[in-house]
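So this first bit is one chain, no partners, the form predicted on its own, shown in structure tokens.
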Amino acid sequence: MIYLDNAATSFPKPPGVIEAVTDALAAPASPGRSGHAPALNASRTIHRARKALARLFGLTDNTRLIFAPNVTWSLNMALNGLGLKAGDHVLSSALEHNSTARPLARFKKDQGVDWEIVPPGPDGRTRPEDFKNRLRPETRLVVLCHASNVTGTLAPAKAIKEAISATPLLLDAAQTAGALPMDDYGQWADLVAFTGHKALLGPTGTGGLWIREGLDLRPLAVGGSGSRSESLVHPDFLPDALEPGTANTHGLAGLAAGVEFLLAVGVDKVRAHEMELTAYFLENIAKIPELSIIGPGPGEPDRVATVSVVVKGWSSSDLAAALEKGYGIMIRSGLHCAPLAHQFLGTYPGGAARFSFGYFNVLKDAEIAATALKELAAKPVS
């Protein structure tokens, strides 16, 4: 098997991740609920994950890093927690995933929030000045997909934040957390939503949200937290205020191990390796006349290791099936939960075939994938 679907979930996981999950599952404890040794150890596991992520993101206060089941939950936590209401204006890029697009569409329909989509420039990239020029007095938030899960295109997040100044920026870092250095984000970002099971190399069912100091969110849910149990009023301090219910201890144990692996290897090294594979793959598939690369082509560095293509004579689903059956290559086809992006890219409704490299892929994987595309492009099915 050649696994090239790391934008969906990374594989394989570092050995320490599986070991950490297994050890946590074998422990008889729930964090923050008891005072005995196993429960205290479970709490230390949660703290370990929080500390590792704070180091990765360059955060000085890890209590403002909130754990959630996934990045979708984190984005909903942020959008709902800000209390958006009728008349509020929200800007987003045109490359948003449904994790932000669907909540924003619901806010627009149900509450009258004015959601405006900022189109990309002629080169398909998001431009800071386009956000700045659309700011209004009633603009409450800018939502930004840090890297498109379709094209791999990186948005200039820091430059956009500088352009919008005091307007809060909610960054969807699903495709970037762990894939590129982010150790200064605690110095300028407002809200950063991330998932644990992609480039952070952790298990599914993990993710979180970082919230800058001075920005308060209304809890999406309340309930048991293990603290202030004597009161019917939910705790108002972080992280307890936004982490109701029993934590996913074994998942966060695995996430801690994944992040610690990244910190030990170095995110710079991970990025350099993934970009080497991506560059090789792009250079070779660009020579296939029947193939179109969706998004940045060879020689364009502002991207992550995700490449989507359309091949003449093939539907994306048929192409993915042929790659698996004939070559053992696993990719993702279709709309990638990002119909807005495909509409702007001109690949709606058929979608595209997406290849996404990870740290554990090797150059041979990229070579075989490029050869497979060349061979399949020469024998279309329709």
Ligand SMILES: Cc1ncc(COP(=O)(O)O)c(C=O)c1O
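Not measured: the values here are computed from a predicted model. Note that residue numbering begins at 1 and tracks the sequence as displayed.
We do not show the form predicted in complex with the named molecule, though everything after this point is about it.
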| property | result |
| --- | --- |
| Contact test, all of S43, N248 and A253, partner the named molecule in the predicted bound form, heavy atom 4.5 Å | no |
| The named molecule: the contacting residue among V307, A78, C145, A179 in the predicted bound form [heavy atom, 4.5 Å] | C145 |
| Candidate from T347, N70, N62, S333 lying within 4.5 Å of the named molecule in the predicted bound form - any heavy atom | N70 |
| Region of this chain that lies against the named molecule in the predicted bound form, out of 217-225, 292-300, 307-315, 70-78 [heavy atom, 4.5 Å] | 70-78 |
| Proximity of N149 to the named molecule in the predicted bound form, heavy atoms at 4.5 Å | yes |
| Exercise: S99 in contact with the named molecule in the predicted bound form, heavy atom 4.5 Å | yes |
| Interface membership of A174, the named molecule in the predicted bound form, 4.5 Å heavy atom rule | yes |
| Residues in 192-208 close to the named molecule in the predicted bound form, defined by a heavy atom within 4.5 Å, in order | T195, H197, K198 |
